[in-house]
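Here we start with a single chain on its own, the form predicted alone, put down as structure tokens.
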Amino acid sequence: MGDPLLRISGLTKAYPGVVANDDVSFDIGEAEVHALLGENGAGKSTLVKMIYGLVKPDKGGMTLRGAPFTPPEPRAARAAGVAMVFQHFSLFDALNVAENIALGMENPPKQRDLAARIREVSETYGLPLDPMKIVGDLSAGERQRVEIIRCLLQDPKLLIMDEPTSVLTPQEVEILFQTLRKLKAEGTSILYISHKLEEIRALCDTATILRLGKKVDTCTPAEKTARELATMMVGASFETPAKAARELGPVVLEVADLSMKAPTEFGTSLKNVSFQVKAGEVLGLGGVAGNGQDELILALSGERTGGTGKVMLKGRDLGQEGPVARRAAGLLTAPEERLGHAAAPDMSLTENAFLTAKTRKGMVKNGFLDWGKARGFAEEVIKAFDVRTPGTENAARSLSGGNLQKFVIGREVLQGPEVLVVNQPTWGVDAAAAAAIRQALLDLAAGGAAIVVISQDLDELMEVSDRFGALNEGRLSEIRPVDGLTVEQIGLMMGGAHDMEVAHVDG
């Protein structure tokens, strides 16, 4: 095999109360696709931040092609040939593609020359981009292309990718994989972080598994099943969610011809969205990010009103009611953005529990706040959903993304909603935690609640949903039973081909 491209030796990084990385060592070979696996809080993010120069290790070191590698900042990492595509895009909506890419370059060429180079590189790697197009008008998949092309213009030796397929349709995932295989064939190494274990098995040559900050194993993913990889990550086996047969009750939630203008220029207006959900039913709504998911949950939660159409809960029109009235009636929501929308970052878990549960859990009496009840409810959520935190008084921002997600979902589930609408319920959550969240949603449905799951994870939607619809440019496709739907048909529905013959399933 020869010498590795990047050698990581004994990297250690501690923060107050937690050791994020504990004596981690492994090699990334030349022209290798190397997976970094681990459950939430395992230390993956801290490790790649050290490689990319965002975080300085307390102990240990790295070599890049045999030379010491200690980047003090990302600029130095990029100069050495290390590039990174982050899970959260760092793009300016009001600027065009070329202008966004120029902002990430030390010495950008003239705009005309840069545009020509973008066209050339994007065509070469099968990721066509119009350099003059405004980023706010791009789909999520196209935005990711901007980030990837920005990295490829640096001619990197090592490309780090963090959850790169979470915003892509199945067809776009295949295009991305072709690009990554081409890069590998040309000699680029890739460090790939994903919770989608079948992707890891299909794409990656080697996997390093982290657990609680320590490296616990290395394997060849293609030689393992997804379940074996998940078990290596969590150190124990876990149950796959079981979608038990359920008797469906009457319609609980009915949305009829809901139209609402987007709140911003770059948002997506809802156009005549209609669907029904019965008691005990799980409706899955798929779609590439940016096709109206955020706008739909704002309209259902009551955070935005004033559109046309109806939102009916057991026959009661809630269309002009705000979030407090809708929650009191039993319509609860959990938005995608954990920090800042679903939870107040600097408030404690007790305070965050109070924010949405005060009415349904009786935390206010005669104008006085019952903090004991709020604390008790926060403790109940932490225990029931295995939220890893020192206690209820810790700030929301102190939790890892996955643990905060478990808290947010648990807080809503344990309020006993009539209807629960969740957007990206297991986004950025490890396999075991994702299984637990999905099972909690199925259990809630089994108890008679109506559930709407909005997600870009098609495996998730197929696992929990009874029926499926796709959002595209603010319109909702025909809703179909999940049984019998193929990934190809779903991908076409997500792409807006709502009325094609191919989307119909025989028998």
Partner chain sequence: MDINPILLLAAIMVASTPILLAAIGELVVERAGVLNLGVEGMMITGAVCGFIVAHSTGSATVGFIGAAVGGALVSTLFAVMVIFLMTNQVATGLALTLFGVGLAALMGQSYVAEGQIIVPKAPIPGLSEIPVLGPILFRHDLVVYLSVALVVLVWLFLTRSRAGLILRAIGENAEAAHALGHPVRLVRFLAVMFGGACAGLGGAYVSLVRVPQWIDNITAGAGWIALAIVVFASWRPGRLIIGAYLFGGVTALQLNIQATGLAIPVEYLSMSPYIATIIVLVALSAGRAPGSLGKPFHASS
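All of these numbers come straight from a predicted model, not from anything done at the bench. Numbering follows the first chain given and starts at 1. Think of the rigid core as the biggest set of C-alphas that the two forms share within 1.5 Å after superposition.
The form predicted together with the partner chain is left out here; the points below concern that form.
### Task
Spell out, yes or no, whether the shortest heavy atom distance between residue 178 and the partner chain in the model of the complex is within 4.5 Å.
Result no; residue 178 lies far from the partner chain in the model of the complex.
### Query
Does any heavy atom of residue 265 come within 4.5 Å of a heavy atom of the partner chain in the model of the complex?
Yes - in the model of the complex, heavy atoms of residue 265 and the partner chain come within 4.5 Å of each other.
### Message
Although the partner isn't part of this model, could you tell me whether residue 75 comes within 4.5 Å of the partner chain in the model of the complex, counting any heavy atom of the residue?
### Response
Residue 75: contacts the partner chain in the model of the complex.
### Task
Indicate whether the partner chain has at least one heavy atom within 4.5 Å of a heavy atom of residue 215 in the model of the complex.
No, residue 215 sits far enough from the partner chain in the model of the complex that none of its heavy atoms falls within 4.5 Å.
### Task
Give a yes or no on whether every one of 125, 148 and 184 sits within 4.5 angstroms of the partner chain in the model of the complex by heavy atom.
Not a single listed residue reaches the partner chain in the model of the complex, so no.
### Query
Okay, which stretch from 88 to 96, 387 to 395, 356 to 364, 170 to 178 lines the partner chain in the model of the complex, with non-hydrogen atoms inside 4.5 Å?
In the other structure, the partner sits against 88 to 96.
#### Entry: in the model of the complex, the one of 344, 324, 369, 105 near the partner chain [non-hydrogen atom within 4.5 angstroms]
Contact check passes for 105.
### Query
If you line up the core, does residue 95 shift 2 angstroms or more at its C-alpha between this form and the one not shown?
Yes, residue 95 moves 2 Å or more.
### Task
Would you tell me if residue 113 moves between this form and the one not shown by 2 Å or more at its C-alpha, with the rigid core held superposed?
No; that C-alpha moves by less than 2 Å between this form and the one not shown.
### Query
Is the C-alpha displacement of residue 337 equal to or greater than 2 Å between this form and the one not shown once the rigid core has been superposed?
Superposed on the core, residue 337 moves its C-alpha 2 Å or more between this form and the one not shown.
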